[in-house]
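Before any questions on binding or motion, here is one chain by itself as structure tokens, the form predicted alone.
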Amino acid sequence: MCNNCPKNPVYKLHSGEQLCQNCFFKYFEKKVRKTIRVYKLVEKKDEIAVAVSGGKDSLTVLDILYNIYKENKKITLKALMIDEGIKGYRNECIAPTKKFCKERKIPLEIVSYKKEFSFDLDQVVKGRKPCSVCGVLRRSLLNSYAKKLQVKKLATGHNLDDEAQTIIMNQFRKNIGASARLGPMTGIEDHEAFVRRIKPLYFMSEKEIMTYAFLKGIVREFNECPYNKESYRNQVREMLNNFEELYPGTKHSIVSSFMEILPALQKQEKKGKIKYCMKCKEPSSQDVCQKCAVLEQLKLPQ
């Protein structure tokens, strides 16, 4: 029985509390709204682009933001999708995403690797680590097109599982500087070169999002990128899933403890002067940005 009412439960929280469908929806939406409010992810007159992939996380973010702000004429929503050119995966996500956005009258911008870089991801990954190539190019396009769309924020579907994985990966790699830029809103300060990213699902687990998306009818099929299994992140993901199964609440503890030290990390992180890539003029910590470096390694025209 549901802990809040006489109905049958559909979900059990990591705390052991059981919730029926309606109570689970209320729990989920209240927690997301609290994250937005406490961390000031959305402010008055914000223009927001949601990075959509067609998966459960990004469409859930888009749906929730739409439902919260659809009556608020001062908040505008747009959707931004990157088509990497992954056969049997990305092409199957585009049509449902178009339909999803059309039903809600949300403008959708689709940017393809083929158009921007003259190749699909499938063409260049042989003998390389797909996620290393794709991650760099995808982040670059999201930032550059978010600026072109003239939005103030870029909302992503990153969840508690994603953040726990990233925290552990940064620890393993001794990358404290990268950790300082994590949190519900990425970056340490505003800068015209970057559109800051917000993560409304920051404290929601992947399992919670999957349940919510399915019960709400947002997504009926759960597809994953076929290249995920080859990534370093996937190995960390499996490790944390094993720990979570043995010790429920592990992921929540990782993120909660990290949030306690995040202000100290941000304070000690030096706010260096932003450089600009000598090739593409986009922001970069080096003379040549990661995107241009990757394209040079691929020896393909930009």
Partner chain sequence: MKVYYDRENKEYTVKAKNIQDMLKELKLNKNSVIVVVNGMVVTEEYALKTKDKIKILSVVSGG
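All of these numbers come straight from a predicted model, not from anything done at the bench. Residue numbers count along the first chain shown, from 1.
If you look for the form predicted together with the partner chain, you will not find it shown, but the lines that follow are about it.
Participant: Can you check whether F119 is within 4.5 Å of the partner chain in the predicted complex, heavy atom basis?
Facilitator: So F119 does not count as contacting the partner chain.
Participant: Looking in the predicted complex, any heavy atom of V288 within 4.5 Å of the partner chain?
Facilitator: Answer no; every heavy atom of V288 is more than 4.5 Å from the partner chain in the predicted complex.
Participant: Mark E260 yes when one of its heavy atoms lies within 4.5 Å of a heavy atom of the partner chain in the predicted complex, and no otherwise.
Facilitator: Flag for E260 set to no.
Participant: Is N242 near the partner chain? Define near as a heavy atom within 4.5 Å, in the predicted complex.
Facilitator: N242: yes, in contact with the partner chain in the predicted complex.
Participant: So the partner chain isn't shown here. In the predicted complex, which residue out of H191, K229, K126, K74 has a non-hydrogen atom within 4.5 Å of it?
Facilitator: Looking at the other structure, the residue within range turns out to be K229.
Participant: Please tell me which of M210, L149, I94, V136 lies within 4.5 Å of the partner chain in the predicted complex, judged by heavy atoms.
Facilitator: Filtering the options by heavy-atom distance leaves M210.
Participant: Heavy atoms within 4.5 Å of the partner chain in the predicted complex: which stretch in 202-210, 140-148, 173-181, 98-106 meets that?
Facilitator: Of the options given, it is 202-210.
Participant: In the predicted complex, does each residue in the set Q21, F222 and C225 place a non-hydrogen atom within 4.5 angstroms of the partner chain?
Facilitator: Yes, all three are in contact.
Participant: At a 4.5 angstroms cut-off on non-hydrogen atoms, which residues of 1-37 are near the partner chain in the predicted complex? List them in order.
Facilitator: P9, V10, Y11, K12, Q18, Q21, in sequence order.
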